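The chain that follows stands alone, in the form predicted alone, written as structure tokens.
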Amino acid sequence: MADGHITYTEDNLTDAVIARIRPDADPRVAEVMTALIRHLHAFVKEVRLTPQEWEQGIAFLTELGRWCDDKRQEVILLSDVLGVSMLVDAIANRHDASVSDTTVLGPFHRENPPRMKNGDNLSPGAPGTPLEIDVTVCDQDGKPLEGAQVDIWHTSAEGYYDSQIGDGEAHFMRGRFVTGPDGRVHCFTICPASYPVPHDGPVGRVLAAMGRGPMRPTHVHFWIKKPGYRDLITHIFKDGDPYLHEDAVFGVKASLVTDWSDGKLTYQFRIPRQDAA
């Protein structure tokens, strides 16, 4: 210290930044920001980040935002390929074996999909191998749940979501169902395909720089909601897909892999009550 002024150094800067958090700050904000500052400063020290690399990092984060719109979420994609999305999911969804496994939402979910009823076709007229979807929503004891909202979506046979096809405005290969007294949702569609996550932007460059591929194995998305129960966001994967062990977003779990060889995807989902431990 000289003339009452502090000289910040590599050794004292981290503590100085943390000390600026006001004592009356929200406790959770203080906890999260303290940890973030400590880990972020430790990262900079560990890799000896240069000013040029820092500038490249700022440019990368800026570019991430520019690639985001109502059809594409590049920041979520980065979180997915770094395994952060699945880590957050794993921490938030610790449960016993009686409850279905969760996995990532992914960047292609869309709000307000078409409302459908049992027996409808998610992809009328689309080319591809027919697939029948027959799933049941139950509580964690196996009792069917009536009135559960079930969103289903998947890619085309060529591996594209509707938002990637044509003008990207039409809703296709996705729908919203509500279970009846038997807890069942039954519909027809085409078999989706394995596909690369979007890799024409900044996240794709990161994957390439790490020597990693962008592929995701064949799957169908499900988002199940019912008042009084926890949401279930998950996929069902096709057994035998060559990318099951190379999923770019680390979303595969053994319990979610099923045999579709007979052209039918069947599954019983079990969801816990909101207040379940």
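Remember, it's a predicted structure, so these values are computed and weren't measured experimentally. From 1 onward, residues are counted along the sequence shown.
In what follows, reference is made to the form predicted together with benzoic acid, a form of this protein that is not presented.
- In the model of the complex, every residue of the candidate spot (106, 195 and 249) has a heavy atom lying within 4.5 Å of benzoic acid.
- With benzoic acid omitted here, the record of contacts in the model of the complex names 212 to 220 of 62 to 70, 32 to 40, 49 to 57, 212 to 220, defined by a heavy atom within 4.5 Å.
- Mapping the unseen interface onto this chain, residue 77 counts among the residues with a heavy atom inside 4.5 Å of benzoic acid in the model of the complex.
- Interface membership of residue 161, defined by any non-hydrogen atom within 4.5 Å of benzoic acid in the model of the complex, is confirmed.
- Contact check for residue 226: every heavy atom lies farther than 4.5 Å from benzoic acid in the model of the complex.
- For residue 235, a non-hydrogen atom is located within 4.5 Å of benzoic acid in the model of the complex, even though that partner is not displayed.
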